[in-house]
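Presented as structure tokens, the chain that follows is alone, the form predicted alone.
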């Protein structure tokens, strides 16, 4: 597995990194285990918080430095890269400020004696992280678990190695001891080796269904706790009493953010018949306004996909969909522009036999469905192998809440596209994975809930 930084805007190879050999991997594993046993687990919440708060401050002070690496390596619009840096810093601060409260001992009511549940760290944790949000994905795994007293090892995506190194250096600069946070440049075979290693006690993955199945299976063979944040095909439900202007604006944000390369991006637009034509016309007009260009230029509105391979995969998906009867409303092809650019695309007339009906499209491709009523919208939203997030648009908030309760996902947002914040739990069900990150829930995944009973 080559760790290579390639600018998707101009195909320039920026840097190449050598995978760790067996000796280097063993050295890093041993250092992490030693750090946990003899240093980090014995620190106080205040000592851990000081490290995370310092890391957050550094990210804010050097926002452009961190953001530029994101844009250069995976092509995100620079304004969105800066936003990701700020969100990552906020997550670090959030756990620095709240972890001790989240993990405070819980006194259980008993008829006799005492019963106390303590939360304690479990050891070395291994994370496999994706490229689409190079710092945010790490922050939401590392911050709660470092504050819980665990130590972290991360195998990042092979196309964002500079971001991977930058986060490791950030933690070192913030005062984390050697081994508290470790970046790994390793192969797939070495990933299996790390999961098998007895010093590793938990595994987290954010990525595809296929990767999740492989990693969860391997961890399961070793009886190790896992969390999986996998793909999504989020439904965007527009009911007949929705604010149309707001719904269209949110649809554009929900589909086009990060060039559509987000697991929680709005992907299936399900609109009740009475608004369907007007919504589709306005949505199409809005997507036609996106302009490709250098993502470092603040005037650019359409970023490239992360790589040429990602573009080709998306183009193949669109072609297969059309071959099976889907109709292209707008876009559908590669842009006549240097770089890995995909035309903003809308597909409709997608029946249940079309592969697009069940697939995730990771890029600026929207699937449009018209339905008769609320019940049909909910049924279509739930007819998916995924269950990550979703949105409901109606001016009747009580109605929106009732619909949200019937949608089978881990998250539902009312009158807005999906978003993320440090204090909101993040995660899904079905093929979108299991476990939660962020909020108070995120810090509870990899701790020992130890009962202490006094008779």
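Residue numbers count along the first chain shown, from 1. Note that the structure is predicted; figures quoted are calculated from it, not measured.
The form predicted in complex with a small molecule exists for this protein as well; it is not shown, and the discussion that follows is about that form.
From the list 79-87, 335-343, 213-221, 237-245, the contact stretch for the small molecule in the predicted bound form under a 4.5 Å heavy atom rule is 213-221. The candidate spot formed by 254, 290 and 392 lies out of contact with the small molecule in the predicted bound form, as no residue has a heavy atom within 4.5 Å of it.
Shown alone here, residue 52 lies farther than 4.5 Å from the small molecule in the predicted bound form, counting heavy atoms only. Taking non-hydrogen atoms only, residue 32 never approaches the small molecule to within 4.5 angstroms in the predicted bound form. Taking the partner from the other structure, the small molecule in the predicted bound form has no heavy atom within 4.5 Å of any heavy atom of residue 266.
Under a 4.5 angstroms non-hydrogen atom cutoff, the small molecule in the predicted bound form lacks residue 279 among its neighbouring residues. Between the options 362, 283, 94, 368, the residue in contact with the small molecule in the predicted bound form by a heavy atom within 4.5 angstroms is 362. The listed set 149, 179, 331, 130 contains one residue whose heavy atoms approach the small molecule in the predicted bound form to within 4.5 Å, identified as 130.
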